[in-house]
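For reference, the chain that follows is the form predicted alone, supplied as structure tokens.
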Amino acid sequence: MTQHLLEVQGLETEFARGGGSVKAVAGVDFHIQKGEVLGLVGESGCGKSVTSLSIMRLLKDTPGKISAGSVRFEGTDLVKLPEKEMRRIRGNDLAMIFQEPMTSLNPVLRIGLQLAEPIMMHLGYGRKKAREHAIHMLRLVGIPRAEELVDDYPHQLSGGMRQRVMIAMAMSCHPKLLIADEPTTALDVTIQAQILDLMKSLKEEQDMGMLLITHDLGVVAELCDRVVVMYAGRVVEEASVHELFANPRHPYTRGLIHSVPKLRQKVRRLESIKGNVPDLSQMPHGCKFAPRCEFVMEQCLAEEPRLLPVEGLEERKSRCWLTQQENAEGGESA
């Protein structure tokens, strides 16, 4: 069996709150193969970004901590690594594009210096060679006059340009896995398309794996091979992109897909999922989606379902009593 590039198993992340703790990520499992793009989707507050920060071990300056599970990168459990060893991997083999470039880039340092720092640290280049490599990476991500803009400050660049700088920084050491957290948020549609095309081409050129975190299903359809849907800190569905859009099996996934506006339909009120994501400190008993689900049954209120294969397919999973009931009926009829 081929070893996964990244394998997350039973990941739990807790945050201190009011003298106790709440689980923002509760038993998350997924994997990514070399050269594969996995989409991680769900509403705001479902645990997507916390999952990515847990993988990168970037919870040190927050009230959060990984309380259980493993994150294996090329077979090595990152959760157990000493911080010094984790710093060697982070930014080198494992890189991340953060959600808002203006808060991720240092406003008082020139772009070139911020790009050169990880290059010198991980690739061992001298200052001059690192600067040349930084300019090369800026050109690679489509920034014009790179040799001039390398000396600019972040505030002198547009939002799209800053996002390109973040991509250049993440790609500068040729990572094996790239985590992109909402890489097109707050960008206009034209720039979004350019950024997605850029990430797609760079991924194919370097044959790297990618974890794409987004709430935009259009981006998922454009870029991803497989999709993991999260709700209230849990994985509720996993499928290939084609299967997910053609036949979503979890009611939450169906709600997400139906809430996307369609171009070729008469103007009407947009569909929405009733209710709100539950408060982490007041989670409902049983299925966490039950209070918002139109198919809720007594069993849903009494016991939380497990994430199980759909129709016996290992790569097609759903955390839903209704799906499990349909599987059982299908097996009986067969």
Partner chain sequence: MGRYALQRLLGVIPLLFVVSVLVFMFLHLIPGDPARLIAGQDATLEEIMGIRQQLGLDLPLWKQYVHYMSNLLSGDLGNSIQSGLAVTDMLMSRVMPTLWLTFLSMAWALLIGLLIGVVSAVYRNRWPDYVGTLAAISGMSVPGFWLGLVLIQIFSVELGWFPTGGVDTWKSYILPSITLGMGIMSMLARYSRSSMLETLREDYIRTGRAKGMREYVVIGRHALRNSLIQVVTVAGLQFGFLLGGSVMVETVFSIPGLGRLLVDSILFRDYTVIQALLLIFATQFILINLIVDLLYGVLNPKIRYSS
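Positions refer to the first chain, counted from 1. Just so it is clear, the model here is predicted, and its values are computed rather than measured.
Keep in mind the form predicted together with the partner chain is missing from the figure; the text below concerns it.
Remark: of stretches 212-220, 135-143, 253-261, 149-157, the one touching the partner chain in the predicted complex is 149-157 (heavy atom within 4.5 Å). For the three marked residues, 91, 103 and 118, a heavy atom of each sits within 4.5 Å of the partner chain in the predicted complex. In the predicted complex, the partner chain lies within 4.5 Å of some heavy atom of residue 113.
Within this chain, residue 169 lines the site of the partner chain in the predicted complex, having a heavy atom no more than 4.5 Å away. Contact between residue 82 and the partner chain in the predicted complex is not found at the 4.5 Å heavy atom cutoff. In the predicted complex, the partner chain sits beyond 4.5 Å of every heavy atom of residue 129. None of 58, 68, 280, 297 but one reaches within 4.5 angstroms of the partner chain in the predicted complex through a heavy atom, and that residue is 58. Though the partner chain is absent from this view, in the predicted complex it lies within 4.5 Å of a heavy atom of just one residue from 72, 87, 174, 200, which is 87.
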